[in-house]
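Next up: just one chain, as structure tokens, the form predicted alone.
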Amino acid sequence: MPNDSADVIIIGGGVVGCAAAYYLAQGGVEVLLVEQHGIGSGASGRSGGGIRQSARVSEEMPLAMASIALFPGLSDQLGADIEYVQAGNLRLVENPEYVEPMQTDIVRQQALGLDVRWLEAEEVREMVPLLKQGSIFGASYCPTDGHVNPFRLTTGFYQAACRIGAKALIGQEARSIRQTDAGGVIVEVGEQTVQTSTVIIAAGAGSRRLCQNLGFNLPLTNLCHESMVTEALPPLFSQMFGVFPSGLYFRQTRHGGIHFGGGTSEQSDIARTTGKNLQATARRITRLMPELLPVNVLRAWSGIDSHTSDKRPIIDYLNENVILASGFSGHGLAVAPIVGRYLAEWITSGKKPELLAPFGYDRFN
């Protein structure tokens, strides 16, 4: 059982919380991670697995580029195979009217220093012969993007943090956060209280409630996303795929299954799958790749993501004791390693990392 005090309490056992726990513990900070359900049980473990810089808002691009630079060494660093594949991201265009907007956006991304370029339909099919001829009109291609096993990434950070001294309370809800007259914080965890000087709220879909508890009514909206995975197949492709404008994404996992999802997302605090949405998503991928029609789907699941109106996360001190790291809007997996490292740096040095400047909560005031 952890002590009744810690230097830093992290609420949320997703990838951001676990990465912050790892980097803080690495710096000798006494860390307590609090997770209501299980490590990676929220959006992180249910993610599509994409590790991309491309197609992000301009303010987030430098953060993503810095994070992707960490991924090639993470398996060795964490002592866990995160199944990272850096084979590029293809963002396919299904409708000719979206060719020009995609090409315009590529120019924007190139101006930010990203290696991304336009591929004509013939070039894409040459790269991925499985794609049906005539099904796409080209794609953006970023060769330094890739994909990962999201659950292995999350648990890899968690287990590495625990090996170097981080403590955890799993299956315990952080019920409230209150500041003391002495300048500290008391967090109610289950039936006990834990004292600290700093709290990181990285609770994903649960972050809004905790912020409201502190008097902050932030524009965080929870959306439900659905995913599926097929039976194992021989190697078909190694890239990560997104489809514009349908929102479909897919990749082939290390074990051969096609992991795909996207499509319609609905506002909800409850993770649930719907036959209508799953069938529509399956139709979308088989329209692109008819050879997948006879393949069996083994499992379907859903997850709840915390979104902001401008698709940028909130990474900021709400007061002198509490930092919020939430609202990653469905694409936090790729930036989690650098966000975790910067949170640790900010807490230990007292100096805000420059790349976190665009993510203050006061931009919504």
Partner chain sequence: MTEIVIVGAGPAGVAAGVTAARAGAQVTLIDEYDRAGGQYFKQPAGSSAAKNFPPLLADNIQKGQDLLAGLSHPNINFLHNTLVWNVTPDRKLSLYSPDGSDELQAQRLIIAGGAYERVMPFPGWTLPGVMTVGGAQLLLKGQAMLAGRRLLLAGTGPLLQLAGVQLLEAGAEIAAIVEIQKPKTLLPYAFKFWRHWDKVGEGVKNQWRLKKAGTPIKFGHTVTRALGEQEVEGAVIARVDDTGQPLAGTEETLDVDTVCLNFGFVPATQLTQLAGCEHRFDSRYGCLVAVANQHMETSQAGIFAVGETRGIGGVDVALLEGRMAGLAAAQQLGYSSDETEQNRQDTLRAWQKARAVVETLGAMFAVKPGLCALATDDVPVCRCEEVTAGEVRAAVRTGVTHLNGLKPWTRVGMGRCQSRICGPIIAQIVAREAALDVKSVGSFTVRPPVKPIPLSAVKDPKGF
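Bear in mind that the values here come from a model prediction, so they are computed numbers and not experimental data. Positions refer to the first chain, counted from 1.
The same protein also has a form predicted together with its partner chain, omitted here; what follows describes it.
Enquirer: Which listed residue (L333, L63, L32, I39) meets the criterion of a heavy atom within 4.5 Å of its partner chain in the predicted bound form?
Expert: Checking each option against its partner chain in the predicted bound form, the one that comes within 4.5 Å is I39.
Enquirer: Could you tell me which one of Q110, S176, T193, Q279 places a heavy atom within 4.5 Å of its partner chain in the predicted bound form?
Expert: Checked against the cut-off, the match is Q279.
Enquirer: Report the stretch among 210-218, 138-146, 117-125, 287-295 that approaches its partner chain in the predicted bound form to within 4.5 Å, counting heavy atoms only.
Expert: Stretch 287-295 is the one.
Enquirer: Spell out, yes or no, whether the shortest heavy atom distance between T273 and its partner chain in the predicted bound form is within 4.5 Å.
Expert: Yes, contact at 4.5 Å.
Enquirer: Although its partner chain is absent from this view, report whether T155 comes within 4.5 Å of it in the predicted bound form, heavy atoms only.
Expert: It does: once its partner chain is placed as it appears in the predicted bound form, T155 has a heavy atom within 4.5 Å of it.
Enquirer: Given that its partner chain is not shown alongside this chain, does E266 nevertheless sit within 4.5 Å of it in the predicted bound form, heavy atom to heavy atom?
Expert: E266: no, not in contact with its partner chain in the predicted bound form.
Enquirer: Would you please decide whether F260 lies within 4.5 angstroms of its partner chain in the predicted bound form, comparing each non-hydrogen atom pair?
Expert: Yes, F260 lies within 4.5 Å of its partner chain in the predicted bound form.
Enquirer: With the partner left out here, if you bring back its partner chain in the predicted bound form, are H255, R283 and A300 all within 4.5 Å of it by some heavy atom?
Expert: Per the other structure, all of H255, R283 and A300 touch its partner chain.
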